[in-house]
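One chain is shown next in structure tokens, namely the form predicted on its own.
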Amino acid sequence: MINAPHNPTGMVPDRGTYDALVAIAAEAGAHLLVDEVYRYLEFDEGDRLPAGVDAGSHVISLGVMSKSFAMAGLRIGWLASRDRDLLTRVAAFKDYTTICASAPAEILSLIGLRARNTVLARSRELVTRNLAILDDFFARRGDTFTWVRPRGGSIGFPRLRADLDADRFCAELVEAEGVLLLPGSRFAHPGNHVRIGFGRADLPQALAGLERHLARPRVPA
């Protein structure tokens, strides 16, 4: 399974790496599941990879309405594959869990998909504007954060300076300011990183809260 654009880093693999992964899975006789929930939010459209389902009969695309399409409340997603036997088995398994989705949510999803150009344009405009705000923030806060600019999606994975423990920092931040960052430990990542989301219109207010928290005196651990 791969995820591109990647959560939490915003990384997008280059085409050669992607093709190599597809080939390795084929050689192994394995299915490759490509999580594409942030597809269409690449900051350079030239970085957009082919959809997994178009890469081979052994490749499966996973999509949802909750990320690029910004309709998380609908709780609708899909698998796309050329392997009809696989899809039959997946559908049969699903019958043991949820059977079917909410009909109103399905109808609203269809409306959103038919208006995809308008919906995705709104999402791209929002994350592009917010990414510029983050670029400025991390340029000013180079004493506290190391920022590797994401190439797609609405999330990034900056690293805190070594004397600020990410888990403690995030816990204190949400208590003091109501601003939620996710420490890298939640991803089993050994570095002192935090995930920051920038897919919301209130990012400037959240950053203001982060600035206030950074200005508070720190008590040594």
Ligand SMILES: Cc1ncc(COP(=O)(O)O)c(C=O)c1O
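Note that residue numbering begins at 1 and tracks the sequence as displayed. All of these numbers come straight from a predicted model, not from anything done at the bench.
Below, we refer to the form predicted in complex with the ligand, which is not included among the displayed structures.
Asks: For the interface check, one of 51-59, 23-31, 37-45, 166-174 should have non-hydrogen atoms within 4.5 Å of the ligand in the predicted complex; which one?
Replies: Result of the contact check: 37-45.
Asks: Would you confirm whether the three residues Asn3, Asn7 and Arg75 all fall within 4.5 Å of the ligand in the predicted complex, going by non-hydrogen atoms?
Replies: Looking in the predicted complex, the three residues Asn3, Asn7 and Arg75 all sit within 4.5 Å of the ligand (heavy atoms).
Asks: Please determine whether Ser66 contacts the ligand in the predicted complex, using a 4.5 Å cut-off between heavy atoms.
Replies: Residue-level check for Ser66: yes, a contact with the ligand.
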